[in-house]
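Just the one chain here, the form predicted alone, laid out as structure tokens.
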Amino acid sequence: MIPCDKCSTPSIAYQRYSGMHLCSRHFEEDVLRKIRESIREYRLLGHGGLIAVALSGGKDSSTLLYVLERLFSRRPDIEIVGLTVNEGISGYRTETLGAAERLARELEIPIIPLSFHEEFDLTIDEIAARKTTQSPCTFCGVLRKTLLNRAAREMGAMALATGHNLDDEAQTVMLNYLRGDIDRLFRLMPRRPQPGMVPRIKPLRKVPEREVAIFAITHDLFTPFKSCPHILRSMRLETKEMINDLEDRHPGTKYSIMRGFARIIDLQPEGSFKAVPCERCGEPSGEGICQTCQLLDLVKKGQSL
């Protein structure tokens, strides 16, 4: 057993990008340090309020809920509420939502269930069955984001916390690079609050996915699930494999991608993105008709983007 580089205790994790072997105590300290750093950078939680947490039951959102409860349990001015979303994925989502509900009960955190079927009269399984050229993940991501933002806004949340980790963020940035969509990169972190949009925070954005998994396992938060049956049609999976291959050969690549993204955000022109109400549903949009309404129109007509 290789000892921790900070003490003589046996290590449980090795960070290739830092060259450090860490024991359970120092590993946890490192993860919490990164999470605290991310939370401070958003500058939203100093005055208290309601945090809505997107909770799927997977390792990332479970770790997020656990850590937020741990960090803010002694602050009576901060309330945490979980938001679960049933997208309608047979043999997959029911199990993960069950895990989310169990964790919320253990932490004594209330949850509010949301549903694609109830809100949009469609499920992801139904959308996938239309065999559109667009991946079901595109529809899922857009509709889920709209539903979570609407629910968080209606409950008066000061922030909507999601479980995106370092890998997720690096993949999103790279996807937009590959598509040549710099405008959408700016939308990931707008300079100013946008009307109708609850500020999103991603406390795990500096923690690699592998380290989130180790944290979840060591704190008994991890429940193994089958992968979403629709993910094989996703360009994101190809991007994930590409970045993981680069990270394996060049440790630190994921952090480098995010450092480059941070420099681009710093160059963001003032007023480069301003949300306006959708002409159809009133939800915030970057153009006249929001992407949710566009996708719903297209899928109901059996078309695709």
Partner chain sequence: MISVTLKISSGGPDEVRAMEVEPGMTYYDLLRIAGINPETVVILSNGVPIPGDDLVAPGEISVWRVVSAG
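Predicted, not measured: the structure shown is a model, and the values here were computed from it. Numbering follows the first chain given and starts at 1.
Omitted from view is the form predicted in complex with its partner chain, to which the following refers.
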**Study point:** its partner chain contact in the predicted bound form: Ser285, any heavy atom under 4.5 Å
**Key:** no
Practice item. State yes or no: in the predicted bound form, is some non-hydrogen atom of Arg210 no more than 4.5 angstroms from a non-hydrogen atom of its partner chain? Key: yes
Point to revise | Any non-hydrogen atom of Arg16 within 4.5 angstroms of its partner chain in the predicted bound form | key: yes
Check your understanding: Is Asp245 close to its partner chain in the predicted bound form, meaning a heavy atom pair under 4.5 Å apart or at it?
Key -> yes
Point to revise | Residue stretch of 42-50, 259-267, 28-36, 234-242 approaching its partner chain in the predicted bound form, non-hydrogen atom distance within 4.5 Å | key: 234-242
Study note, to complete from the structure: Checked Leu178, Ile217, Leu71, Ile112 for heavy atoms within 4.5 Å of its partner chain in the predicted bound form; positive is Ile217
Review point. Going by heavy atoms, what in 1-32 lies within 4.5 angstroms of its partner chain in the predicted bound form?
Key: Met1, Ile2, Ser11, Ile12, Ala13, Tyr14, Arg16, His21
